[in-house]
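As structure tokens, one chain now follows by itself in the form predicted alone.
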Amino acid sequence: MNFGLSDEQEMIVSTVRSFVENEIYPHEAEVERTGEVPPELADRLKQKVIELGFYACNFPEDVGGAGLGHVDFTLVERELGRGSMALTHFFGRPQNILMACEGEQRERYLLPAVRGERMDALAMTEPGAGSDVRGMTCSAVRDGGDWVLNGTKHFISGANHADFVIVFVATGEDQTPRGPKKRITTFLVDRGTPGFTIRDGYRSVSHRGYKNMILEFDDCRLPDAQVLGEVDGGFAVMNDWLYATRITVATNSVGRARRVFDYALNYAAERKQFGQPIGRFQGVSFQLADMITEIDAADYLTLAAAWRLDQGLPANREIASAKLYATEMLARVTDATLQIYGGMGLMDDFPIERFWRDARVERIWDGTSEIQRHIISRDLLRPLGA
């Protein structure tokens, strides 16, 4: 792996960071205060990204994307991690799982999503089934030539802006020596479909303005044309495409940690106590040393996982390690920065308390830290028969 960035990669980093600093930062305080992103601002951000040529940059060129590789896209996400998720959402990175679209689905879902004409959301989590995907109760059954969906999904990010939702539901059950095993199918469901309701979810202390929504299916009838991939093949679709969400959380955490660290470093250099900058005190300076070491380690873990994907190498454990370490690193960095700021760190005059609150959810969504440890340990033990 080459640890240096090419000229093109330097341009990517510079362009995205400039966008975040100039187009995202100025609106963060207002979004944090109101918990809303004005529709006109959302449209303006999306249009600027389209003009930059970065919209759907995670998709291949043959479908209209920028065709960035995994390392390049990781650099994009790292810079976006510096900004408010409620606002960077409109930078436009449709779910890679849409590459599983076939036939008419490409014209109705994939290509409009890449062009920025339609926005998507991914729906998997349920009130009684988070990390336990096999435990989902939202189901679809055959009725004539259609499927009828019933059940509830929650914690669905981006569904408030979505024109359609990619939904995972149970479509059967097999009996195995280890007990019943759900068969999962993926459906494409348009907003406005009869029997499909999107409503406000819960108020979260993390990422205000980046809302989680509740989806309700009440005898929602769908034809076979809405099945993404194969019937009962939802896990295959997940395994092919959803690794990207975990590596995105990891690299977002690195970007946010670097922004937070800049606050800690500058404050330690400027804030004086006992006649000298607090950064001269070992209790603060050693914290700074630990913080930057952990940030760099998380950065390299994440880039190494992305590099493996670019090389076509197995990367499940490496992605899990990156997600685990980067999100827990972010928690430590934000907490240490708040401690350096002292009482002022808890005041909303500074964004430190926001970074601290936002960091908490990263260890939960897209697979908890415990799930990542499970993935890592299974990868290590399975070859030994344990």
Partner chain sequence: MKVLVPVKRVIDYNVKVRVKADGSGVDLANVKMSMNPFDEIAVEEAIRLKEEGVASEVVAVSIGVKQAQETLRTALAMGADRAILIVAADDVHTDIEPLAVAKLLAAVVKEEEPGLVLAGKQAIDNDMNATGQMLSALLGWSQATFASEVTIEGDHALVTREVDGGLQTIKAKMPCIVTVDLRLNEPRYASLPNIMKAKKKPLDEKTPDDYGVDVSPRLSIVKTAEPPTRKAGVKVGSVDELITKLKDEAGVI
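Residue numbers count along the first chain shown, from 1. The structure displayed is predicted, hence computed values, not measured ones.
Quick note: we don't show the form predicted in complex with its partner chain, though the next part is all about it.
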Fill in the blank from the handout: Contact with its partner chain in the model of the complex, heavy atom within 4.5 Å, among Leu52, Leu346, Ala29, Leu41 goes to Leu52
Problem - in the model of the complex, the residue from Val37, Ala336, Ala66, Val63 that sits within 4.5 Å of its partner chain by heavy atoms - result: Ala66
Practice task
Please determine, with the chain shown alone, which of 348 to 356, 324 to 332, 52 to 60, 29 to 37 has non-hydrogen atoms within 4.5 Å of its partner chain in the model of the complex.
Solution key: 52 to 60
Exercise for the section: Verify the flagged residues Glu8, Thr15 and Glu270 against its partner chain in the model of the complex: is each one within 4.5 Å by a non-hydrogen atom? Expected result: yes
Handout entry: in the model of the complex, Phe19 touching its partner chain (heavy atom, 4.5 Å)
Key = yes
